[in-house]
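Take a look at this single chain, the form predicted on its own, given in structure tokens.
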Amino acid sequence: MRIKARTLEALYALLLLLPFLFSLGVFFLYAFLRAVYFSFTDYNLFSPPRWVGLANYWALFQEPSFLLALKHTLLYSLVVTSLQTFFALILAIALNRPLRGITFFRTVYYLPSVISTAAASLLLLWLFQRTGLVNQALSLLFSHLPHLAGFALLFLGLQGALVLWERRRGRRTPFLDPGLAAVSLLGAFLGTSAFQAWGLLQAREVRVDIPWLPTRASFLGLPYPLWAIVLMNTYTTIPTFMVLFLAGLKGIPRTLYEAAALDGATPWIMFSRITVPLLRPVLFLVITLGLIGTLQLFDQVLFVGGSGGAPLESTITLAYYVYGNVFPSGATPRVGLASAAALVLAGLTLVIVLLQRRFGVGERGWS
């Protein structure tokens, strides 16, 4: 029997797709249907499931730990998605300039994204210990506040004087002119060093001892341990999104910027009227990936809340709540409740992404 070319091509395609379809069917579709079934039952892994209807969903919203996990998840997602999108865009614009050695700088800035979650979590634990680098850096900063204030005042004074002098000579010089700023920075450094040598500026003895991890204290609704995870997660995810923004920036025609410059457009006008509208599809992708990733935060919570010593009330998220109910320490698993929480997390992710698509940045580009 002779097989037609199109049939043979379809068989090859199906053969190549088979591993993906198998994993999709077994680990996603089947697991999802089982979770839907278990969410309506009372099941503990050791006895047959017992149908309880919507009791698990009702119990979820009566449980303080679930409501706390929901609050932490929403706030964490909002903060991290905003920070990583903003800084990734700024970094991509900075690295899109035709500078000498720009490839080296792009590689260096991308390196944090290859750090594994376990390594990043261990680094986070080391940085935010009581005697860690963060507290020591804050101690050094507050000790030398007089020097920093003197340096800033000297820089502003010198820069202002140089700019006024240039403008009196008839030159349209901006306040942050790079050449004048370099001279002002050097003058401010020499002036601060001279004031220190004369004893007019002296460092103070300041010791910062903030318990970043073993605490229930919070700031703007988020506990300190979650703020530490926010900083670390933002640092490690910015490079990946920076690459996406760089790809989007490469697709914007340079002629648009040249035409805008001829019309006298400022850098801000070019950014808001050209760059942002043409990056809307990439912005939509970055925000969507950021929302999905942050709503499923789990591994760093496990490291920081488990071996890191942070209280569970300060780090719990929805994904960790699901894990904690399926694999509790010294207690009976509550698989039905965990399945209901997992479905709430999946529904919440879908709703937030749809709301972002409807009222936020859409995937349709400027035309």
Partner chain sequence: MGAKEAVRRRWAALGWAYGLLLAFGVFFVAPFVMGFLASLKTDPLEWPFRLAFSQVSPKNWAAAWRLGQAGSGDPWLGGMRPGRQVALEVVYFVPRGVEPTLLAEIPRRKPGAGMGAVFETPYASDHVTLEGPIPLERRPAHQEEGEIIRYRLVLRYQGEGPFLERVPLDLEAPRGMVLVEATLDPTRFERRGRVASWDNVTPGLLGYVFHNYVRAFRETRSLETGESLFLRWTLNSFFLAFVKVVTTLVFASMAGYALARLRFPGRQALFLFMLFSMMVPGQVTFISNYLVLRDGIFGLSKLFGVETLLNTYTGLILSGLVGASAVFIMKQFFESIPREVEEAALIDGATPLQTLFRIVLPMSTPALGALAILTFQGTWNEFFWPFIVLTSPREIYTLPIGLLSFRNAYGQVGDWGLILAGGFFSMIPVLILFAVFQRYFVEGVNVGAVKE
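Whichever C-alpha set is largest while still superposing within 1.5 Å between the two forms counts as the rigid core. Numbering follows the first chain given and starts at 1. If you're wondering where the values come from, they're calculated on a predicted model, not measured in any experiment.
We do not show the form predicted together with the partner chain, though everything after this point is about it.
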(request) Consider residue 331 of the chain shown here, and say whether it contacts the partner chain in the model of the complex, taking contact as heavy atoms within 4.5 Å. (result) no
(request) Give a yes or no for residue 214: in the model of the complex, does one of its heavy atoms lie within 4.5 Å of a heavy atom belonging to the partner chain? (result) no
(request) Find out whether any non-hydrogen atom of residue 326 is located within 4.5 angstroms of the partner chain in the model of the complex, and reply yes or no. (result) yes
(request) Flag residue 273 as yes or no: does it have a non-hydrogen atom within 4.5 angstroms of any non-hydrogen atom of the partner chain in the model of the complex? (result) no
(request) Scan 218, 240, 196, 143 and let me know which has any heavy atom within 4.5 Å of the partner chain in the model of the complex. (result) 240
(request) State the residue from 266, 255, 202, 107 whose non-hydrogen atoms include one within 4.5 Å of the partner chain in the model of the complex. (result) 107
(message) Taking 4.5 angstroms as the heavy atom distance cut-off, pick the stretch from 258-266, 221-229, 117-125, 76-84 that is near the partner chain in the model of the complex.
(response) 117-125
(message) Could you pull out the residues of 17-39 that have any heavy atom within 4.5 Å of the partner chain in the model of the complex?
(response) 17, 19, 20, 21, 22, 23, 24, 26, 27, 28, 29, 30, 31, 32, 34, 35, 38
(message) Does residue 352 move appreciably between the shown form and the other one, meaning a CA displacement of 2 Å or more on the superposed rigid core?
(response) yes
